[in-house]
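Only one chain comes next, encoded as structure tokens, the form predicted on its own.
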């Protein structure tokens, strides 16, 4: 059987021998995948392959299409470095380095497609066991405005259902959308550095039993750091989510998921938002820090929601919010709307939501929990004083003040 380990730097495209991994790594990867399919025709024996990307700078002009299972695309270093600092620094002539490194792919996409990698196949079974490990996807530029987070580029995207896809140790920077996965089952997104992207992680359509854990993440002010739609059994844990996304974690029509043990830092309210029919989710043991934008180029960016929206904004029923810590450190003059009392947790809708043992430390007076008038049977225990609790016409609720 031919070798199942391919090195992009030594592969020659039979129909285009002058094209190399350095001039168009997308075309090279597509050619390697075609070779894998040629050499593994047996339905009963398709072990797949490894495509290795050594450290180096590679141009991707042609979208790579992944339509086989059991494929690992692997580099030797995620190579992340801040492009935002570079573009806003002015003179970088004295810097040691100015571009991302490691196994770095420059996403140039001159073929008219948005994605660097597209996972897509019709028929059965669904694609399974595809892995992206330890390399960098660099969108290079947000031309003409380097602070716009807009260039139309997507790092990795799936448009068909998948099983047990793994994204680990990746670096993604200056992409409008870093990772977009549709119909994920048992997806693992772990130990990646995805930042300075318009949106970082988007799990769309539906999904179940997936994991987003141990990542370093930070989206742009109009995007999401972590977004999940229609998910069941999603575990979001141990992530360090930093500014400046409009939401750190945004769930839409999701039920029976865990958001646990994350450190979340934002310049806006709505750090964790449940949207639509979000029921029976657990939000526990997270550290929330809300303060003011400190980087001058972004201080004029308008907030996507004001401080009455809540650091946690809950829509849905049967959700549990326990043991979280909220740090609120915003100058009074910068609280929105002017003169308002900021909200830590807003229960906007639903029944039988449960809040307990949440703690806050703030430089201004806050509302620890606010119940909208449409809510019913909410329980708020040991999560603020009576003066810090507000029920806006809620018909039924239980409240026990922090002693």
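Positions refer to the first chain, counted from 1. Bear in mind that the values here come from a model prediction, so they are computed numbers and not experimental data.
Absent from the display: the form predicted in complex with another copy of the chain. The rest refers to it.
Each of 4, 164 and 286 comes within 4.5 Å of another copy of the chain in the predicted complex, counting any heavy atom. Picking from 244 to 252, 109 to 117, 211 to 219, 140 to 148 the stretch near another copy of the chain in the predicted complex, with a 4.5 Å limit on heavy atoms, gives 211 to 219. Another copy of the chain is not shown here, but in the predicted complex it comes within 4.5 Å of a heavy atom of residue 49. Residue contact with another copy of the chain in the predicted complex: residue 102 places a heavy atom within 4.5 Å of it. For the chain shown alone, residue 348 is not a contact residue for another copy of the chain in the predicted complex, no non-hydrogen atom being within 4.5 angstroms. Put simply, residue 298 is far from another copy of the chain in the predicted complex: not one heavy atom of it is within 4.5 Å. Checked against another copy of the chain in the predicted complex, the candidates 76, 182, 176, 305 yield a single residue with a heavy atom inside 4.5 Å, and that residue is 76. Scanning 254 to 268 for heavy atoms within 4.5 Å of another copy of the chain in the predicted complex gives 256, 257, 258, 260, 261, 262, 263, 265 in sequence order.
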